[in-house]
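Alright, two takes on the same chain below, each alone as structure tokens: structure 1 and structure 2.
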Structure 1
Amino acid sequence: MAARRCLGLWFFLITLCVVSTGADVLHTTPVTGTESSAAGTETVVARELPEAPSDPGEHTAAEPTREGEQNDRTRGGEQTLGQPTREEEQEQEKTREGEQTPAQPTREEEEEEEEQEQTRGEEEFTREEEEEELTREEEELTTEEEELTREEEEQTREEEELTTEEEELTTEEEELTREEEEQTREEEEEQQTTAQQEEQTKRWEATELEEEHVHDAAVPPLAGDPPAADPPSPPPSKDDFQEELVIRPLHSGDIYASFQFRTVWDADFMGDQKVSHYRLFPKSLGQVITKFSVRELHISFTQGYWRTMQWGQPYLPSPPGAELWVWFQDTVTDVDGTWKELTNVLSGIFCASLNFIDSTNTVQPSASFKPLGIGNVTDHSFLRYATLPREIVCTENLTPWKKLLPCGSKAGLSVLLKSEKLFHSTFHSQAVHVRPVCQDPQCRTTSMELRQTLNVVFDLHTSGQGKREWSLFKMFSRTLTEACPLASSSKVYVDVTDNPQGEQFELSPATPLLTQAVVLGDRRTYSVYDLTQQASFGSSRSLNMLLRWKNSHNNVVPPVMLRPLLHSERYVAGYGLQAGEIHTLIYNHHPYRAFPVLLLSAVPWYLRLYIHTLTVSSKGKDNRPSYIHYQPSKDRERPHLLEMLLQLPPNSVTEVTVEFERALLKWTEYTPDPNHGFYVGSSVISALVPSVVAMDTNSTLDRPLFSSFFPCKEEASYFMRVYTEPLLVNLPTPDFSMPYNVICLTCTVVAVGYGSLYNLLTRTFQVDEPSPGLAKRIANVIRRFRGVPLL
């Protein structure tokens, strides 16, 4: 035990050393750990020495590339290779244990640390402490075996101590140059942007300059970082991870938080060669995409309904329940079979009831769901769309979703995703979008983009206790302490458009950085917190944004109804369980522009639609749809699909009604709670809405993620999707308790028919000779014995 405790202490000191030598070493250590058994200690030197003398001036892609690769190997290698080598190392360690006295390395480490402290500024020191905390936490988690391997690494490093110290010096030099670079760049940015906003002290984030960032991507963009923050920039030709959180205070007093995580990988999934080395892109998803030849995959799980009239438009709309739509590559021959397999696999990955997607709720929309990525596929036989409006979203769906993130829920924005708070909300929606995107404006090469989005609306009264005062801690019961180390960009945006001078609410800590983005046809202003900048976290080393409204009596929010340009309602009319009418109301609130919308509704087969009863009217006049795609249902096989292209006159309500008849199902086809009713998935309204401001049509520019999801073809309009309410429809039910009775009674009736006919068919009429009574017959028998004449 004593030896073990000594080892523990020793290891603690070693970690201090690790922190002080910077994350470069920290990140390379596991590599050496796993490979040390094979390559020995020399590998460490070989790998780190070339970096050491590198010229700070031309510190470009070389270093991060190698580090990226190393990280990659670390992630993959630790799981696969770690186990056998560790055992060997453990043995080696045991042999060495006797030789080493724990005191000696401790002293050495302490000396080293003192030296470093002298050379570093105070800020860095605080950062160091943080890292210490982290490493301590990690320490607790690591198993003894791992400790042993690390100790061995440290041993080897001690031997090379001189070289590492040299390296430290060089890295510090690099940092200095990097800081200089960053300062100059920031100055440039300021020069350009502050020209417009000179009167403001706030600094605008350079959205126009983002192109530069693309070129600079080779250079770690966050050069001002202390070395403790791992230079995260991935190699430019490989993959890239961005994370962001948008917080939008809503008019109703609620607050809307939208997370987006984007992984772009320059791998060719469509090609012939197998993709087998995964780094940031989740392997589970990548394998699925490869196996089923998926071109695009969009899946969303939503709990609650987005109230457009109170909240405005969401950044990424989704219908209540689960929604899945997939474009397959045109090499797929059996699309239905592949779709069936894919839904079952996804059901396993996301722990959801996607396996209930079958032909009865799958449709092939002809126009509403175009590919969002590149590639103009027109053959909609490769498209499948299905919704499960009844799907309940909860923790078991969130956990696998978080596992797809490179940082999991360990670091970065995803630490906020704690289910106990996320699901105590009015609206919760999480989605995964996979699509091919262009790498450059010329679109010579494509890369795969994975977007994970999570939208949540916290209610003023249930989550906010009626006080209009929001903070990260209040919303998520967590604060932000760092960016995801693997992320190239990690930002928090707060929508301050309605609050340009801070007259409505107060945002603390204040951030000097502002940005503008054109989103949903409107130019919005956002305060930006760049989590990769240490300054964002302030002295408390954690970011807990606080939005406090100024007027205390204004806390009671008047019920403001917004008038979004496009929104819709849907309901079932009629009474009784025989027939009914589905009414869809589409509002165009634009004062003078008419625009076309595509309406898609998929109705299950047990509501038999009558297409001849379809009426479309706006402003009291008949409004003939210019395009109708209708696919009638087949009982127990496929649903109805109705797609229409409608022209919405300005400032009008367009009403679409269609009658339906409710079917009586077999008793086994009802849900366990049949009188709850059956859900009909949301209708989808896809529209090109006239935009107030010019839209940004260049899709390859770096924009905030929330404003760049739907590709934009022209400046005058933007694409929008609106989901209506799902419907809950009651069906007539048989009596579930009496199948036996019914079978018996009906068969009896048939038997009555059979019996009476059989009777009449087989018998003939005869004169009835009444048979003698029983007494008479007995008497006759006795008489026969006696020889007396019968009666």
Structure 2
Amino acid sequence: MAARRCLGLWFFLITLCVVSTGADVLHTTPVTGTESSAAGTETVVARELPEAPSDPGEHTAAEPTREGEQNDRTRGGEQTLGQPTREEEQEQEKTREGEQTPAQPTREEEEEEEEQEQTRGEEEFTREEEEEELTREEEELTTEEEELTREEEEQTREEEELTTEEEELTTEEEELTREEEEQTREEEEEQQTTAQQEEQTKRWEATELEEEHVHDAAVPPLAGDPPAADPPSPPPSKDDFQEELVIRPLHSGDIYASFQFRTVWDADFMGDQKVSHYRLFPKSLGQVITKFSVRELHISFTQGYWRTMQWGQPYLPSPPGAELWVWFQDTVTDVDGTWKELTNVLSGIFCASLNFIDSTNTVQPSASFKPLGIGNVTDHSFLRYATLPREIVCTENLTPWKKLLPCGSKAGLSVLLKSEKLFHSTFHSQAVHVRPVCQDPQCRTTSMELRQTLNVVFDLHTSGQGKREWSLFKMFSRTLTEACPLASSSKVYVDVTDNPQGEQFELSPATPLLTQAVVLGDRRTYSVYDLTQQASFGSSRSLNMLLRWKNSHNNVVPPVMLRPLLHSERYVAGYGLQAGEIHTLIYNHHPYRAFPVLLLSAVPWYLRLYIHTLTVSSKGKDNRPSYIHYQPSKDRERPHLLEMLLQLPPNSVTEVTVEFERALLKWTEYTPDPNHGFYVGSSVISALVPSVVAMDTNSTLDRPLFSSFFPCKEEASYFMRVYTEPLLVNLPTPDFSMPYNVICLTCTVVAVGYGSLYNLLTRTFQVDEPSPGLAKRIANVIRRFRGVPLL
């Protein structure tokens, strides 16, 4: 290929040299005649056209024409001037050749092109090599990163194994410490039991010696008294039962009696370990708590309304009717389904109508009901609250409640729970509270506490002789003869705060034991009767406390009762059966302290609230709530839920008003007595009320039960819960006598019409012919003999 290109270049250069020499000859040689000119043209043509065809015919034919033309040009000067000369033609041919020659590439250009191609190929090759090297480096980096990640994973695995080993070691250490603590606790308990047995034997020996020296030795011993040689065995360490009764004379002349029964069991219901052995703790409640994973259970049954302005604050408040609120454990997945099953089970245990609790009267508060036991639970999705304001409390609710007590109603303070006396009272409330509590002050271990409370208010003016004197027998028709043998503490407290020197009334039998306790922000003084001491019963072996007023006319003016710092009222306003308003009044009687309260209102779905009409005012000014949680209702699915955090100014009345519209129910949704009205549950007000005296924040075992239910975390305030009155609202009610009349009329018409038609269709009719006369019968006889047809 290269040789061919070289030969071509050489041939092209030779032709250029020949052409250039021919042109020089033409310029130097003058034209003298026709021959010279013809010869010159022939040479030029031969040089210019070296590759012309060698056909002789063509060449011979062209020559005469050229000679003829030259002869013509030499002959006449006029003819040669009009045509181009031969020199001009040669110049034109040279210019044509010059135009054609640059189009052909030279060798240098071809070499340059080859070099460029080579450089391009080399560049592409180098580029490919660089790309390959980059890919190799990237692959190496990725492999190195993978190795690093593998090493890190191995390190993390080793660290996890180390952590697991450390956890196992810590668990083993904890188990060892627990075992040591249990051993020490058992040793302490054994020491305590031995000390208690020695004290019991000493006490029984002392009582025997005293009885021998008594003059009235003819009194026979009671059947329930234990023998002197056999002291009662103390309760085991796993269970503990306490009972107490608080009696407080009210300023209105009524008597307030509060029973407290507390059972503590060192069992972990919230763990995975199943509890199967029961002694003092009731098995029915223990199985319910374990099966439904209940953290806290609070249930109350109340008949009547607590009059705060006349009686003061109760130890444990409760709304009229039935109230139930439960905290479930975080292991429960279907809270609503578990709540429904739990209400049905509790309905059977307490013989109540708790099975009527469903989604239409159940709410999920967001801030009102905090856990009363240990543990800071913040997820309110495990909380459910419901009320039945129309629930009636009677003996069938009291009987299963008493069966939960270790001694039942056979011994101890429970012998005073006589149903015909308890329900013949102004106010009656019984409750059950189950919660986890700390077992020791350091709260290293937890226990499950069951607290049963019963509060009753007796109106002695209506039940007796119009006197303010009272006694245990007058209130309960029974007296106390012994403490519950299973109780570690059994005491009776009588409030004597208003009678410090015994000037107004006299309490008998007198007791030298006095104690003080801070209850509801006030320091109170109580006379204490310890039923575990035989000296409390005296020689008659029966305790019947009696209060006598020293004024013979019984018209002693009692001291002025301090107004409660917080109480509330609620009522329905409006006219007609279409619209109305709910007014809630909250009173703060503190002269100079303002404090916040949390208001919860659950309104049924058939009262459709207009939340845009909600107004809150204090002292004639708007009181803007700092927190509002509102959940609208759904017809026949869920009620309204309204929670507000309000700031109560000192010595003020805060009014909360909201408008509503009554809905028209289906005729199957009305109660059997629709004209009586529909009940709306009480509103709940929770607050930290300023205390008059410093509260005791240490939860010690020496405190009375009635003063240690709500946890106290501040010395300057105490927790209080207040319930308003339930509402009775009339709804648009159809005339249910009209359907009765229509049913009676329709049944009458159907009976008459259908009966007549049925008789006509099913009865057979027969025509009775009258009997023939005597002449006709004789004639027929004659015709029969003659063979003639009868008449």
Partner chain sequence: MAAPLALLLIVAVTIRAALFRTSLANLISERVEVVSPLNAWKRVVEGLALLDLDISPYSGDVFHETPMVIYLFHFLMDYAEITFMGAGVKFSSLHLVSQFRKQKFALEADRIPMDCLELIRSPTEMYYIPLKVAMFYLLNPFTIVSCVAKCTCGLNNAVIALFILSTMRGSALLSAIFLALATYQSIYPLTLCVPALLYLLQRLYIPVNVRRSSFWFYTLQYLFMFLGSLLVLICLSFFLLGSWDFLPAVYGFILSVPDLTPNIGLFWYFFAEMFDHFRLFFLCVFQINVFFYTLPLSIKLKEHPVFLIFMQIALIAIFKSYPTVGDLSLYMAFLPVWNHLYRFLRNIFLVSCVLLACSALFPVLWHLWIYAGSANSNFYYAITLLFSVAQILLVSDYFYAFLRREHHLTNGLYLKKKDGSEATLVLK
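Please read all numbers here as calculations on a predicted model, not as lab measurements. We call the rigid core whatever largest set of C-alpha positions still superposes within 1.5 Å between the two forms. Start at 1 and count along the sequence of structure 1; that gives the residue numbers used here.
Item to check | Structure that is the form predicted together with the partner chain (1 or 2) | outcome: Looking at both copies of the chain, structure 1 is the one that matches the description.
Checklist entry - Once the two forms are fit on the core, has P732 moved its CA by at least 2 Å between structure 1 and structure 2? => result Comparing forms between structure 1 and structure 2, the P732 CA shifts below 2 Å.
Checklist entry - So, with the core fitted, how far does G753 move at its Cα between structure 1 and structure 2, in angstrom? => result G753 is displaced by 30.0 Å at its C-alpha.
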